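Below, in structure tokens: the form predicted on its own, a single chain.
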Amino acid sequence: MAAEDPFQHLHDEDYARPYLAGLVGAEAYVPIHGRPVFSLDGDWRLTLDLFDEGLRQKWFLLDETPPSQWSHPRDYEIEAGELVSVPSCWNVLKPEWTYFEGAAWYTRHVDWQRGPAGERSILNIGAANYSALVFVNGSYVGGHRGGSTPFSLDVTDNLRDGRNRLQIMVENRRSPNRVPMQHIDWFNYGGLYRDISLMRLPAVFIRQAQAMLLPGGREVRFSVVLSDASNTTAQVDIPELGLSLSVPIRNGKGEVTTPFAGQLWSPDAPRLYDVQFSCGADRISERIGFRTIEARGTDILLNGETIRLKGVCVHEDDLALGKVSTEADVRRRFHHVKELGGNFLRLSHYPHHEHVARIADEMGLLLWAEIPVYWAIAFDNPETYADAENQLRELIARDINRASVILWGVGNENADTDARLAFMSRLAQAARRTDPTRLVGAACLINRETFAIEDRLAEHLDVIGLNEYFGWYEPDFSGLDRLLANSNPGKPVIVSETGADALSGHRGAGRVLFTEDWQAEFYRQQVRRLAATPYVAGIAAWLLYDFRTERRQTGFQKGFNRKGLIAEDKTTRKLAFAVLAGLFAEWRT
């Protein structure tokens, strides 16, 4: 028998292949929705791994004997890793990690007692940017791609009574074939930056439960999908409405429709109801609002009435926390939108934390939620499309019952090519197939030949997003006048981005770039024109807060996009904040 070569891993460039088969997607996702969980947030050990030695050398197989007892030298020791808090982004934990892009290994130990026969143990990870591989007690359990959507893994057979070792390899390398690609205009944070938990479920459990108000607002349809193809009965209860319904389940799926006699949800009256779904020993509960949304002609109708969407775009970015969004941070941004007189946010340019939509339901704000099909995605790559569609389906599965979410965005500023049209029209179809109750849109560029709002993708959209910066990247507003006059889109248009950079405190009269004064005048000129255009159904100003992006390196920017109405401290308001608030107050439905 040949002796094992201790250096074999140095020459193995196929080291990652064994882990590709275990990647999970939307079909494996299990929502928490009020179920009790065992939180895994808190202290973890973190070891950076620039050269993927963890996979090459199979760090997950190493035992935990102290170095004094090693028979051979090693390149990894769990206790030598940095003690970090999860959720977090490694970029903000140590100055020398700020720009780190690569792999890192998270490790912690979990005390667990296995349940009765048939009980399932489900690991939920809110988000890991960008790719994650999960190991339990030295065994590979599965992995995930997509930096902003949740995923679930069944770890029932991997956990044992007592102490268990959980290891998660996360890597955030930028790549042409990923979604987003390597060329982006925000900061590439890495890490386990959303909540992690374990959940106990019965052998047969509820995988998806939806409450959908049908067009017209008179009936509501409840649907339930189970974890297997059982024939049984589920139950739906809304105590406040005195509603208790049986849902017959055949082959693991069932639905029932009943008259709706409750109050409709709207930004002015964000009414929510406690809805409980149960099947056998499994039970989930949600606070759900009921409303309808549709596009008719060039109008957007909420509960059958025309609404003008007045709001801003926002990134998940914080000086101290990076991409982590705490509830306090979310409530702060929503209060700022309310102070603007806004009713709408575009969640740019990726799925935000799941409590964003829950809090928006509560506070009465409408949301455009999107996936990062951003700029020059590899539209001709089947794996890239599969990644994008999976992220879309995971986002929809997570937020299907959120009244605040009215639009699924399938792309941003993509050139109108044949490959892009095929890619994004398929995404639009997937969105409608997965969720026929909401609008589908994309942030488009203008047709520079006809100088009009024209995009071949528009045929596949309910709402056309328009990103335009006349008065900033183009010196004056005459182009905007020409564009608006030339266009006859036949569908609602949301100006999904418009704005101008301003360094907080920098002042100057006239069109002096990066001044607060010009940013304020920019909005006066923009909103006056847009509000007078009948087919413009909404405006999402770019944007609420300044945010990190290493693409921008002038003396005014220094690694930040300065188009925020508020500086990166999320406190200091620029002149444009009050100006836009006044303009929104004047723009009536």
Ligand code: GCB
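The shown structure was predicted, so the numbers you read here are calculated from the model rather than taken from an experiment. We number the residues from 1 along the sequence you see.
Beyond the structure shown, there is the form predicted together with the ligand, which is absent from this document and is the topic of what follows.
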* Could you tell me which of 217-225, 466-474, 200-208, 446-454 sits within 4.5 Å of the ligand in the predicted complex, going by non-hydrogen atoms? => 466-474
* Asked: Given that the ligand is left out here, which of N412, N129, N343, N91 has a heavy atom within 4.5 Å of it in the predicted complex?
  -> N412
* What is the one choice in Y523, W44, F60, F547 with a heavy atom within 4.5 Å of the ligand in the predicted complex? -> F547
* Should R438 be classed as touching the ligand in the predicted complex when contacts are defined as heavy atoms within 4.5 Å? -> no
* Partner proximity in the predicted complex: W408 to the ligand, non-hydrogen atom cutoff 4.5 Å -> no
* Applying a 4.5 Å heavy atom distance criterion, does H349 contact the ligand in the predicted complex? -> yes
* **Contact test in the predicted complex: R529 vs the ligand, heavy atoms, 4.5 Å** => no
* Counting only heavy atoms, which residues in 544-579 are within 4.5 Å of the ligand in the predicted complex? -> F547, R552, N561, K563
